[in-house]
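Given next, in structure tokens, is a single chain: the form predicted alone.
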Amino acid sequence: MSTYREAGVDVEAGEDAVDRIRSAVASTVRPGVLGSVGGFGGLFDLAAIGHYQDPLLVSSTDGVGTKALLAAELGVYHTLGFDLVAMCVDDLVCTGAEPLFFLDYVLVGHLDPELVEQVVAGIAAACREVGAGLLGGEMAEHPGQLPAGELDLAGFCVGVVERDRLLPQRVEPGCVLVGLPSPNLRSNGFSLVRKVFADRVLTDEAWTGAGRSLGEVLLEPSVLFAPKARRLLEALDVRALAHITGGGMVPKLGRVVPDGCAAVVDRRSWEPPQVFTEVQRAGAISDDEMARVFNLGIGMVAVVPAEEASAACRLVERATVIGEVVAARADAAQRVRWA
């Protein structure tokens, strides 16, 4: 007689995993969250957020890509939660939204409760940092699709923004570009990174000369830009926010530049962190290809009036002016160019 466990799905392990993550999920409760983990759906009371007059809901979804393969190779999973939340919530905040709640999807080939606990603990920690409730999610065990130890992650978040504060708005010549620093690769470009370092030993500490292995450097968690962006939004006249992820500066910043304008970025205004120069050197990657794939040390760009640029740099540690918005032909094909 055949059983589900013999087919590769362990229901008891799933129940164990849910029990392990209850406290982590509970730690993310914020005003508006109703119920607890384990229900058929997550509940959120929008009326509990009473200060919005004309609210718009904003949603975003994303994953962590092939960075998850490096995590599986090293058996280190807790940093992936920060990557997952960052990829979703930092997109959402570019509309000016306040994050409200988050859900996750964890896909594994073999359900290991300890692995799931590590992943969800990271997700919960990141949700606490951005102020989002972790309403629930799904743990899926697909035997035969992924080997034991490997996983894939996806996330979904919802936020709210006042209609008249929706970004981008009023981006015009004379505005200044303020770059918010990213010290690492975050969760982008890892298919290229894995190709570049395919023959390297990830536990090789000689790579950085700082007592850390190559694997530790590559798995550093993403900076969460949403709290920094919210700080700017509350204090300044922010006209736009651009999350610099896969594809690099040109397409991402180009999304917030309107017709008749161009964003001119000075690549000499910041120094890319060492990890980018090491990836470029190891793979003999051209400057143009690096700029097309990675954030190169700037993970988010805030567009503000020129008179507020200094205040923006004071509000976010190590933020710096990296360019400006100028007038351009309305039919100009390129919205972003390098100085």
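Residue numbers run from 1 along the displayed sequence. Computed from a predicted structure; not experimentally measured.
Just so it is clear, the following notes concern the form predicted in complex with a further copy of the same chain, a form of the same protein that is not shown.
Which listed residue (223, 125, 196, 202) meets the criterion of a heavy atom within 4.5 Å of a further copy of the same chain in the model of the complex? By the 4.5 Å heavy-atom cutoff, the listed residue in contact is 196.
135, 185, 229, 80 - the one with a heavy atom within 4.5 Å of a further copy of the same chain in the model of the complex: Only one listed residue qualifies here, and that residue is 135.
a further copy of the same chain in the model of the complex: contacted by all of 215, 239 and 250, heavy atom 4.5 Å: No.
Residue-level contact is defined here as any heavy atom of the residue lying within 4.5 Å of a further copy of the same chain in the model of the complex; does residue 306 satisfy this criterion? Answer no; every heavy atom of residue 306 is more than 4.5 Å from a further copy of the same chain in the model of the complex.
Check whether residue 60 has any heavy atom within 4.5 Å of a heavy atom of a further copy of the same chain in the model of the complex, and answer yes or no. Residue 60: contacts a further copy of the same chain in the model of the complex.
With the cut-off set at 4.5 Å between non-hydrogen atoms, does residue 192 touch a further copy of the same chain in the model of the complex? Residue 192 belongs to the contact set for a further copy of the same chain.
Hey, in the model of the complex, does residue 69 get a heavy atom within 4.5 angstroms of a further copy of the same chain? Heavy-atom contact with a further copy of the same chain at 4.5 Å: present for residue 69.
Location of a further copy of the same chain contact in the model of the complex, chosen stretch of 139-147, 126-134, 231-239, 265-273 [non-hydrogen atom, 4.5 Å]: Of the options given, it is 139-147.
Even though the chain is shown alone, can you say which residues of 91-129 have a heavy atom within 4.5 Å of a further copy of the same chain in the model of the complex? 91, 92, 94, 95, 101, 103, 104, 105, 107, in sequence order.
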